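A single chain, nothing else alongside it, follows as C-alpha coordinates in the form predicted on its own.
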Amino acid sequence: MKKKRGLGLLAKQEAAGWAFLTPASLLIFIMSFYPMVQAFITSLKTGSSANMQWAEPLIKNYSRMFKDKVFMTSMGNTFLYLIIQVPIMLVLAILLAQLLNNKDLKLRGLFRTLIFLPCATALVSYALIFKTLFATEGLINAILRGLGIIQENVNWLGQSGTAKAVIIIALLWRWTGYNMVFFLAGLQNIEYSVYEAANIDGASGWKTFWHITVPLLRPVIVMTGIMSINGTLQLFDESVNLTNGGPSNTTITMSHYIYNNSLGQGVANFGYASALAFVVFILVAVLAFINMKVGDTRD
(Lines give C-alpha, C1' and ligand atoms only; values in the text may rest on other atoms or scores of the structure.)
Protein backbone atom coordinates (compact mmCIF):
# COMPACT_ATOMS: atom_id res chain seq x y z
CA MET A 1 0.00 0.00 0.00
CA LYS A 2 2.85 2.37 0.87
CA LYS A 3 4.48 1.67 -2.48
CA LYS A 4 1.26 2.44 -4.36
CA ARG A 5 0.82 5.71 -2.46
CA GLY A 6 4.45 6.60 -3.22
CA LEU A 7 3.97 5.95 -6.92
CA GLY A 8 0.76 7.91 -6.87
CA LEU A 9 2.49 10.88 -5.25
CA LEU A 10 5.33 10.71 -7.78
CA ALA A 11 2.85 10.60 -10.65
CA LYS A 12 1.05 13.63 -9.24
CA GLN A 13 4.33 15.53 -8.95
CA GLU A 14 5.22 14.70 -12.56
CA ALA A 15 1.74 15.73 -13.72
CA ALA A 16 2.03 19.02 -11.83
CA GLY A 17 5.44 19.62 -13.42
CA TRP A 18 4.10 19.04 -16.93
CA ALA A 19 1.10 21.26 -16.14
CA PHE A 20 3.45 24.14 -15.32
CA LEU A 21 5.88 23.46 -18.20
CA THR A 22 3.37 22.90 -21.01
CA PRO A 23 1.94 26.45 -21.30
CA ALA A 24 5.41 28.03 -21.25
CA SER A 25 6.76 25.47 -23.72
CA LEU A 26 3.85 26.06 -26.10
CA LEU A 27 4.36 29.82 -25.93
CA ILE A 28 8.10 29.45 -26.63
CA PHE A 29 7.36 27.19 -29.57
CA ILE A 30 4.64 29.44 -31.00
CA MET A 31 6.44 32.74 -30.40
CA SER A 32 10.05 31.66 -31.10
CA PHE A 33 10.70 28.31 -32.80
CA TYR A 34 7.80 28.34 -35.25
CA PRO A 35 8.65 31.87 -36.52
CA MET A 36 12.30 30.80 -36.85
CA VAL A 37 11.31 27.85 -39.05
CA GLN A 38 9.01 30.07 -41.11
CA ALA A 39 11.75 32.68 -41.48
CA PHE A 40 14.17 30.05 -42.76
CA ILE A 41 11.59 28.86 -45.30
CA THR A 42 11.02 32.47 -46.35
CA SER A 43 14.78 32.96 -46.79
CA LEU A 44 14.66 30.34 -49.56
CA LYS A 45 12.09 32.36 -51.55
CA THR A 46 12.16 35.46 -53.73
CA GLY A 47 9.59 37.96 -54.91
CA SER A 48 7.22 40.37 -53.23
CA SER A 49 5.33 39.46 -50.08
CA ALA A 50 2.14 38.81 -52.08
CA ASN A 51 3.75 36.59 -54.70
CA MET A 52 6.73 34.73 -53.24
CA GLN A 53 8.25 31.78 -55.10
CA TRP A 54 11.03 29.33 -54.38
CA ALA A 55 14.38 30.80 -55.32
CA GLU A 56 16.43 29.23 -58.11
CA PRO A 57 18.80 28.07 -56.76
CA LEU A 58 17.45 27.85 -53.21
CA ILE A 59 20.55 29.53 -51.76
CA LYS A 60 20.18 32.55 -54.06
CA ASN A 61 19.50 34.98 -51.20
CA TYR A 62 22.46 33.65 -49.21
CA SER A 63 24.87 33.88 -52.14
CA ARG A 64 23.61 37.38 -52.95
CA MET A 65 24.57 38.83 -49.58
CA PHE A 66 28.27 38.14 -50.10
CA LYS A 67 28.15 40.38 -53.19
CA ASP A 68 26.15 43.06 -51.38
CA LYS A 69 28.54 45.89 -50.52
CA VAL A 70 26.07 47.57 -48.17
CA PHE A 71 25.60 44.37 -46.18
CA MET A 72 29.36 43.87 -45.96
CA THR A 73 29.67 47.45 -44.72
CA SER A 74 26.92 46.87 -42.16
CA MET A 75 28.66 43.72 -40.92
CA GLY A 76 31.98 45.55 -40.63
CA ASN A 77 30.34 48.41 -38.73
CA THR A 78 28.57 46.04 -36.34
CA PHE A 79 31.77 44.16 -35.52
CA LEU A 80 33.64 47.45 -35.10
CA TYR A 81 31.09 48.56 -32.51
CA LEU A 82 31.33 45.14 -30.83
CA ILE A 83 35.14 44.98 -30.70
CA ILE A 84 35.53 48.51 -29.31
CA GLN A 85 32.44 49.03 -27.20
CA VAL A 86 31.88 45.68 -25.47
CA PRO A 87 35.35 45.29 -23.83
CA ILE A 88 35.43 48.95 -22.71
CA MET A 89 31.90 48.70 -21.33
CA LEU A 90 32.54 45.49 -19.37
CA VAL A 91 35.83 46.79 -17.91
CA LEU A 92 34.15 50.05 -16.84
CA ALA A 93 31.23 48.08 -15.37
CA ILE A 94 33.56 45.88 -13.29
CA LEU A 95 35.59 48.84 -12.05
CA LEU A 96 32.47 50.83 -11.13
CA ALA A 97 30.98 47.81 -9.36
CA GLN A 98 34.21 47.30 -7.42
CA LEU A 99 34.23 50.97 -6.41
CA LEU A 100 30.57 51.06 -5.41
CA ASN A 101 30.85 47.80 -3.47
CA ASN A 102 33.08 49.52 -0.92
CA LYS A 103 31.17 49.42 2.34
CA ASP A 104 32.94 52.57 3.57
CA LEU A 105 31.82 54.67 0.59
CA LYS A 106 29.21 57.25 1.48
CA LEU A 107 26.10 57.77 -0.68
CA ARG A 108 26.65 54.41 -2.40
CA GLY A 109 22.94 54.07 -3.15
CA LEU A 110 22.82 57.47 -4.84
CA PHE A 111 25.85 56.76 -7.03
CA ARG A 112 24.50 53.34 -8.02
CA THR A 113 21.16 54.88 -8.98
CA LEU A 114 22.76 57.66 -11.02
CA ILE A 115 24.95 55.22 -12.98
CA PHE A 116 22.03 52.85 -13.60
CA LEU A 117 19.55 55.58 -14.62
CA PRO A 118 20.66 55.76 -18.30
CA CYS A 119 19.52 52.15 -18.67
CA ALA A 120 16.01 53.20 -17.63
CA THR A 121 15.88 55.79 -20.42
CA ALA A 122 13.86 54.80 -23.48
CA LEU A 123 16.05 53.80 -26.43
CA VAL A 124 14.55 56.35 -28.81
CA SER A 125 14.67 59.12 -26.20
CA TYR A 126 18.33 58.66 -25.35
CA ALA A 127 19.28 58.44 -29.03
CA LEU A 128 17.52 61.75 -29.68
CA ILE A 129 19.28 63.29 -26.67
CA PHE A 130 22.68 62.31 -28.08
CA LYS A 131 21.66 63.52 -31.51
CA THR A 132 20.88 66.91 -29.98
CA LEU A 133 24.08 67.00 -27.90
CA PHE A 134 26.30 66.18 -30.88
CA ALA A 135 24.49 68.41 -33.37
CA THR A 136 26.62 70.93 -35.26
CA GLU A 137 25.26 73.71 -33.03
CA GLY A 138 24.90 71.39 -30.04
CA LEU A 139 26.19 71.49 -26.48
CA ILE A 140 29.30 69.36 -27.10
CA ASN A 141 30.63 71.71 -29.76
CA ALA A 142 29.86 74.70 -27.54
CA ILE A 143 31.83 73.18 -24.64
CA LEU A 144 34.79 72.21 -26.83
CA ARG A 145 34.89 75.68 -28.37
CA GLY A 146 34.73 77.24 -24.92
CA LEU A 147 37.69 75.13 -23.78
CA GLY A 148 39.64 76.05 -26.89
CA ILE A 149 39.92 72.44 -28.07
CA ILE A 150 38.25 73.20 -31.41
CA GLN A 151 38.00 76.43 -33.39
CA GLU A 152 35.03 75.51 -35.58
CA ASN A 153 31.99 73.34 -34.99
CA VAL A 154 32.47 69.66 -35.80
CA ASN A 155 29.80 67.91 -37.84
CA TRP A 156 29.86 64.85 -35.57
CA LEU A 157 27.01 62.96 -37.23
CA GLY A 158 27.85 64.00 -40.78
CA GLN A 159 31.26 62.30 -40.93
CA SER A 160 31.78 58.55 -40.88
CA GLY A 161 34.50 58.37 -38.23
CA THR A 162 32.99 60.80 -35.74
CA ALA A 163 29.49 59.38 -36.27
CA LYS A 164 30.74 55.91 -35.33
CA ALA A 165 32.45 57.39 -32.28
CA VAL A 166 29.17 59.02 -31.18
CA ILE A 167 27.35 55.68 -31.50
CA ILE A 168 30.01 53.96 -29.37
CA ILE A 169 29.88 56.72 -26.73
CA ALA A 170 26.08 56.48 -26.65
CA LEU A 171 26.22 52.71 -26.17
CA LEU A 172 28.74 53.06 -23.33
CA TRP A 173 26.56 55.67 -21.61
CA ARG A 174 23.42 53.57 -21.89
CA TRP A 175 24.61 50.06 -21.05
CA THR A 176 27.58 50.37 -18.65
CA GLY A 177 25.32 50.86 -15.63
CA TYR A 178 23.14 47.94 -16.69
CA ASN A 179 26.12 45.55 -16.66
CA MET A 180 27.46 47.14 -13.47
CA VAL A 181 24.39 45.89 -11.60
CA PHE A 182 25.22 42.27 -12.50
CA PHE A 183 28.83 42.66 -11.37
CA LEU A 184 27.69 44.37 -8.19
CA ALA A 185 25.40 41.43 -7.41
CA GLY A 186 28.28 39.03 -8.09
CA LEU A 187 30.63 40.98 -5.80
CA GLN A 188 28.12 40.95 -2.97
CA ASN A 189 28.07 37.15 -3.13
CA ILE A 190 31.83 37.00 -2.47
CA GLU A 191 32.61 36.57 1.22
CA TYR A 192 34.41 39.61 2.65
CA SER A 193 36.67 37.24 4.63
CA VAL A 194 38.35 36.29 1.34
CA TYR A 195 39.56 39.87 0.90
CA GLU A 196 40.58 40.09 4.55
CA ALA A 197 42.71 36.97 4.15
CA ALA A 198 44.35 38.40 1.04
CA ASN A 199 45.02 41.65 2.90
CA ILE A 200 46.65 39.76 5.77
CA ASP A 201 48.85 37.91 3.26
CA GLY A 202 50.05 41.26 1.95
CA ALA A 203 48.34 41.15 -1.45
CA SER A 204 48.09 44.51 -3.18
CA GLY A 205 44.78 45.92 -4.41
CA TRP A 206 45.59 45.02 -8.03
CA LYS A 207 46.62 41.44 -7.17
CA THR A 208 43.49 41.01 -5.07
CA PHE A 209 41.33 42.27 -7.91
CA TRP A 210 43.04 40.20 -10.61
CA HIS A 211 43.54 36.94 -8.71
CA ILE A 212 40.42 36.90 -6.50
CA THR A 213 37.70 39.19 -7.83
CA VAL A 214 38.00 38.41 -11.55
CA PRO A 215 38.11 34.57 -11.18
CA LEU A 216 35.14 34.58 -8.80
CA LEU A 217 33.21 36.85 -11.18
CA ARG A 218 33.92 34.68 -14.22
CA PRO A 219 30.35 33.30 -14.52
CA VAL A 220 28.99 36.87 -14.40
CA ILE A 221 31.59 38.01 -16.94
CA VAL A 222 30.56 35.21 -19.31
CA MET A 223 26.86 36.03 -18.91
CA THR A 224 27.30 39.77 -19.45
CA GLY A 225 29.66 39.09 -22.35
CA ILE A 226 27.09 36.90 -24.10
CA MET A 227 24.30 39.44 -23.50
CA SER A 228 26.47 42.32 -24.72
CA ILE A 229 27.58 40.47 -27.86
CA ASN A 230 24.01 39.45 -28.57
CA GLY A 231 22.74 42.99 -28.10
CA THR A 232 25.50 44.60 -30.20
CA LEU A 233 25.03 42.20 -33.11
CA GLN A 234 21.36 43.20 -33.12
CA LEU A 235 22.10 46.92 -32.76
CA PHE A 236 19.30 48.92 -34.35
CA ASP A 237 18.02 51.99 -32.49
CA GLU A 238 21.29 53.92 -32.45
CA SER A 239 21.90 53.41 -36.17
CA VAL A 240 18.35 54.46 -37.05
CA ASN A 241 17.83 57.35 -34.66
CA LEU A 242 21.33 58.84 -34.42
CA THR A 243 22.64 58.66 -37.98
CA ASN A 244 19.96 56.83 -40.03
CA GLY A 245 22.87 54.72 -41.26
CA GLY A 246 24.59 57.72 -42.80
CA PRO A 247 26.51 59.30 -44.16
CA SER A 248 26.10 57.06 -47.24
CA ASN A 249 25.45 53.88 -45.20
CA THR A 250 28.87 54.12 -43.51
CA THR A 251 27.41 53.67 -40.00
CA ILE A 252 24.56 51.28 -40.81
CA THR A 253 24.25 48.07 -38.76
CA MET A 254 23.10 44.62 -39.84
CA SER A 255 19.72 44.90 -38.08
CA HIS A 256 19.17 48.32 -39.63
CA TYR A 257 19.91 46.89 -43.08
CA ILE A 258 17.54 43.98 -42.46
CA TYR A 259 14.82 46.48 -41.52
CA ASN A 260 15.49 48.50 -44.70
CA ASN A 261 15.11 45.39 -46.85
CA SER A 262 11.92 44.23 -45.17
CA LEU A 263 10.00 47.40 -44.28
CA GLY A 264 12.15 50.51 -44.21
CA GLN A 265 12.54 51.28 -47.92
CA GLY A 266 9.00 50.59 -49.10
CA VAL A 267 9.98 47.33 -50.85
CA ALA A 268 9.08 44.24 -48.82
CA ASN A 269 11.97 41.96 -49.78
CA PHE A 270 11.20 39.46 -47.04
CA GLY A 271 13.17 36.60 -48.61
CA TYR A 272 16.46 38.47 -48.63
CA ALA A 273 15.77 40.07 -45.23
CA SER A 274 15.10 36.62 -43.72
CA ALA A 275 18.38 35.31 -45.10
CA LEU A 276 20.23 38.27 -43.58
CA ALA A 277 18.48 37.67 -40.25
CA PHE A 278 19.57 34.04 -40.25
CA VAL A 279 23.19 35.07 -40.75
CA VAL A 280 22.88 37.32 -37.68
CA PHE A 281 21.34 34.41 -35.75
CA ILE A 282 24.26 32.14 -36.66
CA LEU A 283 26.81 34.80 -35.69
CA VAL A 284 25.11 35.27 -32.30
CA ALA A 285 25.05 31.52 -31.68
CA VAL A 286 28.70 30.99 -32.68
CA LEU A 287 30.04 33.90 -30.62
CA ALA A 288 27.93 32.88 -27.61
CA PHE A 289 29.30 29.32 -27.88
CA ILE A 290 32.89 30.59 -28.06
CA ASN A 291 32.27 32.87 -25.09
CA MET A 292 30.88 30.00 -23.02
CA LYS A 293 33.80 27.72 -23.93
CA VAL A 294 36.35 30.38 -23.03
CA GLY A 295 34.63 31.02 -19.69
CA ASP A 296 34.14 27.32 -18.85
CA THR A 297 36.56 26.40 -16.06
CA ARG A 298 35.47 22.77 -15.73
CA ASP A 299 37.93 20.01 -16.59
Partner chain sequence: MTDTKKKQPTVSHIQRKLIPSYIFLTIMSLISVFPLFWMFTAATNTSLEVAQGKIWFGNYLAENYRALTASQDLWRAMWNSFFYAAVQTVASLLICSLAGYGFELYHDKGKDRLFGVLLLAMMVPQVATLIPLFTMISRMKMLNTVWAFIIPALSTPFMIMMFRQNSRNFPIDTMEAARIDGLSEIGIFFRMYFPMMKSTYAAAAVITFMNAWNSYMWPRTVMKGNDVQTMPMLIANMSNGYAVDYGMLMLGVLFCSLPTIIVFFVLQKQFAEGITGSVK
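Superpose the two forms; the largest set of C-alphas matching within 1.5 Å is the rigid core. Positions refer to the first chain, counted from 1. Since we're looking at a predicted model, the values are computed, not measured.
In what follows, reference is made to the form predicted together with the partner chain, a form of this protein that is not presented.
Student: Within 4.5 Å, heavy atoms only, one stretch in 206 to 214, 68 to 76, 158 to 166, 105 to 113 touches the partner chain in the predicted complex. Which?
Tutor: Within 4.5 Å of the partner lies stretch 105 to 113.
Student: State yes only if every one of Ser48, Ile149 and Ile229 has a non-hydrogen atom within 4.5 Å of the partner chain in the predicted complex; otherwise state no.
Tutor: Not a single listed residue reaches the partner chain in the predicted complex, so no.
Student: Does the partner chain come within 4.5 Å of any heavy atom of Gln38 in the predicted complex?
Tutor: Taking the distances in the predicted complex, the answer for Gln38 is yes, it comes within 4.5 Å of the partner chain.
Student: Can you tell me if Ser32 lies within 4.5 angstroms of the partner chain in the predicted complex, counting non-hydrogen atoms only?
Tutor: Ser32: yes, in contact with the partner chain in the predicted complex.
Student: Does the partner chain get within 4.5 angstroms of any non-hydrogen atom of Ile59 in the predicted complex?
Tutor: Looking in the predicted complex, residue contacts with the partner chain do not include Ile59, since no heavy atom lies within 4.5 Å.
Student: Taking the shortest heavy atom distance, is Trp54 within 4.5 Å of the partner chain in the predicted complex?
Tutor: Judged by the heavy-atom cut-off of 4.5 Å, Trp54 is well away from the partner chain in the predicted complex.
Student: Residue by residue through 105 to 134, which ones have a non-hydrogen atom no more than 4.5 angstroms from the partner chain in the predicted complex?
Tutor: Sequence-ordered list: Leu105, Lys106, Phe111, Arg112, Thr113, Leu114, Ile115, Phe116, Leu117, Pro118, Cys119, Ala120, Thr121, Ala122, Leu123, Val124, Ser125, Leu128, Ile129, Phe130, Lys131, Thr132, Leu133.
Student: Relative to the superposed rigid core, does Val286 relocate between the shown form and the other one - that is, does its Cα move 2 Å or more?
Tutor: Superposed on the core, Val286 moves its C-alpha less than 2 Å between the shown form and the other one.
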